[in-house]
Each structure stands twice: as structure tokens, then as C-alpha cells.
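Let's start with one chain on its own, the form predicted alone, as C-alpha cells.
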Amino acid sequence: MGLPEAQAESTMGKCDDLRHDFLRRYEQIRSATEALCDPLITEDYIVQSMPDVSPTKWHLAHTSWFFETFFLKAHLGGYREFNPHFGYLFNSYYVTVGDRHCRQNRGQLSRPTVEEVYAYRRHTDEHMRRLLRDLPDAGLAALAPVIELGLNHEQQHQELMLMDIKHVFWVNPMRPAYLPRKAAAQSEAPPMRWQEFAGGVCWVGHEGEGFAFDNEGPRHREFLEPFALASRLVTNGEYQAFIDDGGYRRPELWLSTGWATCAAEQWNAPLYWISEDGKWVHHTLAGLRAVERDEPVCHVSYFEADAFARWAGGRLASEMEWEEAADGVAIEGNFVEDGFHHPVVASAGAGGLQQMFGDVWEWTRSPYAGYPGYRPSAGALGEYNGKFMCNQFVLRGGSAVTPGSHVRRTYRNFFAPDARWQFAGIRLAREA
């Protein structure tokens, strides 16, 4: 027997809503990626300033490769690849999919041209629209989790593009600007307060409706001792006091590997900071400007964040503490849509925890590992998160270049402890 007529109509209606939502969001997200490229000229698209940075052209092509590989080739009958070489050139790290061009050599590719990459995107978009329109309801429902992954994957690359463009402009002695600075309200950072939490048995991880990456689950229990979190992020002025007190010259503040890295890389300040005539300036997406004392400090590694926390008499929060503290905090903040592309000063007079979302990713002291019961997704998409659970630390909360709709309380970002080009900063924690 089939479904009752009313139930069948309800099911069809839900599939229609899902189809329209996917088509709308696909168009919006793909357009947003290209809008981020509007300030660039052709030469900007092809530079790779270090192995961790990818050329903008590569990001544009790779996100199209993702849709082509995991959707069009697998689910659209009669689909023909735009270019058979692109699978090799624009695969990132999916070993089970096939061979890949060396990551550190992506900037050596003058061809395909930027124009050809945009043609590739148009080709992909045309066929993705057709797939999303024509998939039977059952097929759309089955593919829905993977479609969500594809959309969130593109949003991740929107943030990566801005991180990478900033570094590309940094290595240019002209220090060009991506966009003119958007004016923010001028104010002083409010005093740092401490908010205490009772701890105990807490639930951690994603559960229920809405998208989440596989590494955000399973939801499970953790026991937390009583703890306290600072009410706002650490500012440039507070971090400069650490510098002035010899923070980069005091090995007792640093983890052993961090101290060795600091010495080898000759760190003496956050990435993008330059001392000019006894004053600090820093490179931003709006070009060089004076370091403003009340803005959150940004572009510090885990090693630097940990050393600062020791110097300040605190520590970094665990990711479980951070998630427990963020429970009930509105997911609001300074995201890429706000157009600042830089951390802004915390609001004076606001109560509770400020800047939990947006501005800067917050380093935690938690190594990136699977939760109890974690299993990577099956197939090639299982390579998305699980295989990086080694020698990385977790960051939480999003940044000034993260899309706001991409952020969740359970979102687990992760980077190597010496990485500095991401928009990462510091929130202090301590025992209650």
C-alpha cells in the first residue's frame, strides 16, 4: 500500500521545499565566493606565497571540482567533465579519488587561465542546477547530507581565500590593500571580567537537526571541574604588554616545541606586525595601519596563545569548557558579511561573555581528536576530517572572515600549533 494521500502530499511538499532551499543557497554561496574576488586583478589570482596558501584561482576551481566529483559524475546521467586534467590539478587531499598535483606547487600553474576557471565554474553551476532540479525526491533526500557538506565546504574556502589573499599581499613589499578599511565604532575595550561555571557532567557535540561535520559528534558526556572564562578576547594592548615584558625571550613561558619554533622562526610579535620607529603597525586586508590597542589580538599561533596565557596567570580553555560556556550565547558577531574583515573592539557595557562568535577563532588547549564513538564517514568523504586528527589543536567560534551562516556552537576548527595565517586569537580561562 502507498502513503495516504494527505501524507504523500506532505512528503512531496517537504521535498519541494528542500529542493528550492538547496537551489537558493547554492546560488547564494557560489555567488558570494565570486563576489569576494571582485577587488582582485588577474595577477592576484595565481600567487602562492607559502605552501599552506593556495592561489585564489585554485580555490575557485577546487570548489567546482568538489561538486563535479561528488555530485555530477556520480549522479547526473550523461555528464561530461569540463576538462579531464582538472581532476588531477584540483583534487586537494582525497587519496581515494585519485592522484593529485603537489600542494606546494599550485602557484606554478599559469594554465588553466583565470578565464578558463570561471568557465569551469559556469559549467559546474549549469549542471548542478539541472541535477538539483531533476533529481527524484527520493534521490534528493538521500543526497541531502552530502549537498549540505558541499555548500559548507565552499563556505570554508571563502574564509581560506581571504586568509590566503591577505598573506599574498603581505609578502608583497608594496603591502597592497584588498579593500579600503570599513570604519568601525571607536571605543575602548571594556575591563576584562571573569564568568564562572560550575562544571560537572556536561553534554558536548552536535545532536539533532541542522548540518554539522562528522567530527562534531557523537554527542557525549564530559566531566568538567569548575572553571571561569574571560568576558572578552585578549586585546592588542594586552598582548603588547607581554611583548614588552620579554615574552618572546622567556623560555619558561613556552612549551618546548613552541620555544624551538619561536627561535627558529625568529618570532617577536604576531604575524603581520611590524615595528616602525618604536611603534607597531600591522598588515590588514585594508593595507598597513597602526595597531589599535583595544582591538582583539589576531594571527597568533597556539604556541603564542599558550605562552601569553601562562604569562597572564591563566590558561587556555578546553574545547569542552568553551562549548559549555557558549551554551545559550547567541551566534552573533563580526563575520565576513559585516565587511570589516578584521577584529573589532568589544562593546562597552555589554554583559555576559562577549565575542564568543566572530572576530577571531579562539585557540583551545584541546588536541584535535575524535570524540568517543567517532567514526569517519564512509568512502572518499571520510577523508574530510578524520585523517587530520594528529598534531593539531582545536579552535572555536569563527572569525571576521567566516560566513555567519557557517558557524555553530559545536563547530571544531583545527590547525597545527605553529600556524599563524588564520584569524586566530586568545580568550583566557582559569580554575574557578
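One rule holds for the numbers: they count along the sequence shown, beginning at 1. Small disclaimer: the values here were computed from a predicted structure and weren't measured.
The following text describes the form predicted together with another copy of the chain, which does not appear among the structures shown.
Asks: Using a 4.5 Å heavy atom cut-off, state whether residue 273 contacts another copy of the chain in the predicted bound form.
Replies: No, residue 273 sits far enough from another copy of the chain in the predicted bound form that none of its heavy atoms falls within 4.5 Å.
Asks: Even though another copy of the chain is not shown here, does residue 130 get within 4.5 Å of it in the predicted bound form, heavy atoms only?
Replies: No.
Asks: Can you tell me if residue 365 lies within 4.5 angstroms of another copy of the chain in the predicted bound form, counting non-hydrogen atoms only?
Replies: Output for residue 365 is yes: heavy atoms within 4.5 Å of another copy of the chain.
Asks: Under a 4.5 Å heavy atom criterion, is residue 340 part of the interface with another copy of the chain in the predicted bound form?
Replies: No, no contact at 4.5 Å.
Asks: Name the residue from 249, 289, 221, 122 that puts a heavy atom within 4.5 Å of another copy of the chain in the predicted bound form.
Replies: Comparing distances to another copy of the chain in the predicted bound form, the residue within 4.5 Å is 221.
Asks: Just to be sure I understand the contacts: of 329, 76, 255, 243, which is the one whose heavy atoms reach within 4.5 angstroms of another copy of the chain in the predicted bound form?
Replies: None of the other options qualify; the answer is 255.
Asks: Given the stretches 383-391, 399-407, 65-73, 22-30, which is the single one in contact with another copy of the chain in the predicted bound form, using a heavy atom cutoff of 4.5 Å?
Replies: Of the options, only 383-391 has residues within 4.5 Å of the partner.
Asks: Can you work out whether another copy of the chain is within 4.5 angstroms of a heavy atom in all three of 86, 107 and 370 in the predicted bound form?
Replies: Judged in the predicted bound form, 86, 107 and 370 all sit within 4.5 Å of another copy of the chain.
Asks: Only counting heavy atoms and a 4.5 Å limit, does any residue of 185-209 reach another copy of the chain in the predicted bound form, and if so which ones?
Replies: The one in contact is 201.
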